[in-house]
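Just one chain follows, in the form predicted on its own, and it is written as structure tokens.
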């Protein structure tokens, strides 16, 4: 066993040291694998960033109520009477004798992208001061909160970064009304930073939504109070809404859209990996052919066929790992923190940043290693089976 190990290490070392003799062919394999890894990692980082922007917006002690069957806020409807009934139910927290509840509108307006000048859908949320207070982590970084009863907006930081005309002090036309931006808020990079907020009553009037909302949010006395609220809602036929935790709602939204992004990325990466695999096979077969006499000589002086197989496979793995590391570094430098926009389940733009994590890098490197294993396996078999007499006789 010790002899086998020493022989394998010796052959692997010779193979790797001889790579400069096949520099351009080896380099093409490294570049091809690096591209595969970079493309896969870009999609994984995109999906990861989108999921984090969505999922981190939810809180376990906030319940969101929507129409039965609605998969997103834009498809839901709730009335003022339903909101009043929910406010009196078990599990709803109170402050100063009043329920901590927010009935909210969700309408779609237009914005102009800074990057390409195209129009994109943005969510305008009609909200109350209580609704702002229900959201953990909201911080006004510029200006102030809107005054109730006025055509004033506060906008998420991501909107200001990606769309034109939403800076503090700007006036703009949304729907049939003119609005003034009076503040910018942050929320730790969550999906909320893609929203515009204004007084719920003013939004109802401006968009002809009198007495109707999309969702109802309530603060629970504790996360454990959610089952009691669900039971109370189900028992009252006048409500006809479904309650779930805000954390569960956003997690489901993130799962659906993030999964779609990954479903697009993996097939593309695999197709590219097949191309890289062809390059790896060509490189390794060329390597074996170039070193045929050298391999036969090693076999003649006592090196076994299996150490030859292992040493040749090690060369392929070396090239694939180098390519994988190059791809990981390139993708991290290019995509980490890169800002992007995509459509959410509400058909509005969600602004988020790519998130390259160590776990995603490991996944991409595993793909590179698989390409190297397959690309080196058959050439390694050929190296192990080279006829000693024939190769030496040719010399």
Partner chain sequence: MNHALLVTKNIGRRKLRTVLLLIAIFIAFLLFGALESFLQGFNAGQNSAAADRLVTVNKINFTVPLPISYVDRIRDLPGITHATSQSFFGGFYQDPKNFLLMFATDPQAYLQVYPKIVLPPEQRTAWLNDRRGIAVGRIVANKNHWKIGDHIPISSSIFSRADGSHSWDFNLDAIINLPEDSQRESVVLMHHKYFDETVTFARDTTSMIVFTTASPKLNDSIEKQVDAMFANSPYETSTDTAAAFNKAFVAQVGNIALIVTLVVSTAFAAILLIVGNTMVMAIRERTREIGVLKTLGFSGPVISAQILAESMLLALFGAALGLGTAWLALAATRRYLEALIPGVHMTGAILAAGLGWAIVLGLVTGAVPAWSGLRLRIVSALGRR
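This structure is a prediction, so every number in the text was calculated from the model and none was measured. Positions refer to the first chain, counted from 1.
The same protein also exists as the form predicted together with the partner chain; that form is not shown, yet it is the one meant from here on.
Proximity to the partner chain in the predicted complex, taken as a non-hydrogen atom within 4.5 angstroms, holds for one residue of 188, 201, 87, 175, which is 175. With the partner removed from view, the residue among 236, 142, 110, 248 that has a non-hydrogen atom within 4.5 Å of the partner chain in the predicted complex turns out to be 110. The stretch in contact with the partner chain in the predicted complex, judged by heavy atoms within 4.5 Å, is 23 to 31, chosen from 23 to 31, 355 to 363, 56 to 64, 323 to 331. In the predicted complex, no residue of the candidate spot (130, 131 and 369) has a heavy atom lying within 4.5 Å of the partner chain. Residue contact check for residue 279: one or more of its heavy atoms lie within 4.5 Å of the partner chain in the predicted complex. For residue 98, no non-hydrogen atom is located within 4.5 Å of the partner chain in the predicted complex, even though that partner is not displayed. Although the partner is absent from this view, residue 272 contacts the partner chain in the predicted complex, with a non-hydrogen atom inside 4.5 angstroms.
Mapping the unseen interface onto this chain, residue 150 falls outside it, with no heavy atom inside 4.5 Å of the partner chain in the predicted complex. Along 100 to 126, residues 108, 109, 110, 116, 118, 119, 120, 121 each place a heavy atom within 4.5 Å of the partner chain in the predicted complex.
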